[in-house]
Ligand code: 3PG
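Below you'll find only one chain, the form predicted alone, shown as structure tokens.
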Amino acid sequence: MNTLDLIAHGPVIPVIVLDRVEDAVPLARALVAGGVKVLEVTLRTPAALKCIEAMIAEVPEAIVGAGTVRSVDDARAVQALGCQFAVSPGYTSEIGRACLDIGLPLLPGVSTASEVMMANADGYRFLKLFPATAVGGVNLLKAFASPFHDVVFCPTGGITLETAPQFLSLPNVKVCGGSWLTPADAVKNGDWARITELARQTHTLRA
């Protein structure tokens, strides 16, 4: 799979943080029920790897990837679990080349023109702008459009249901990442119907 294939499945990739393994499968099913199949589970908690493993095993219709991949060891670990893609918060050639070597599709994070160029040099043309709103948001993406005319972005970080359409209207933005799809209180309370509804709403964001 190429990371650009993820674009075909909808305008938003949920950025998922899970503390309890028992929440993983019902959360994945709730998102898929709302038409969101691409799931980025971040490696920010001790439970993350087991959550990913459970989703892959029990929700085969989901396209499960790992976020917050910060090292070659992280990349190898998530590939061993069967992740279909990885997302990194920043970029180094070490991790970019390692993912190429092991055949793990990577959506690398960047926040500056120099990082874009580093990722481009290693063959990456679909990049995550992170943290999107903090580093310039829509204005930065507009500025990148001319010098990086052959690069497309997935802005992530600080984007909301209300601001997502502004990002998605840009020609160099194909999809955006959003943590609003999985509110912590909804996950904690098992309010899967609310998460399904939030997933459904994403399909109205792109004109």
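Bear in mind the structure is a predicted one, so any value in this text is a computation, not a measurement. All residue numbers refer to positions in the sequence shown, first residue = 1.
What comes next is about the form predicted in complex with the ligand, which is not displayed.
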| query | Which among 55-63, 25-33, 140-148, 178-186 is in contact with the ligand in the predicted complex, heavy atoms within 4.5 angstroms? | reply | 178-186
| message | Contact with the ligand in the predicted complex for K50, defined as at least one heavy atom pair within 4.5 Å: yes or no? | response | no
| task | Find out whether any non-hydrogen atom of P171 is located within 4.5 angstroms of the ligand in the predicted complex, and reply yes or no. | result | no
| According to a 4.5 angstroms non-hydrogen atom cut-off, is F85 in contact with the ligand in the predicted complex? | no
| query | Heavy atoms within 4.5 Å of the ligand in the predicted complex: does R70 have any? | reply | no
| request: Taking the ligand as it sits in the predicted complex, which residues of 120-156 have a non-hydrogen atom within 4.5 Å of it? Please list them. | output: K128, F130, T156
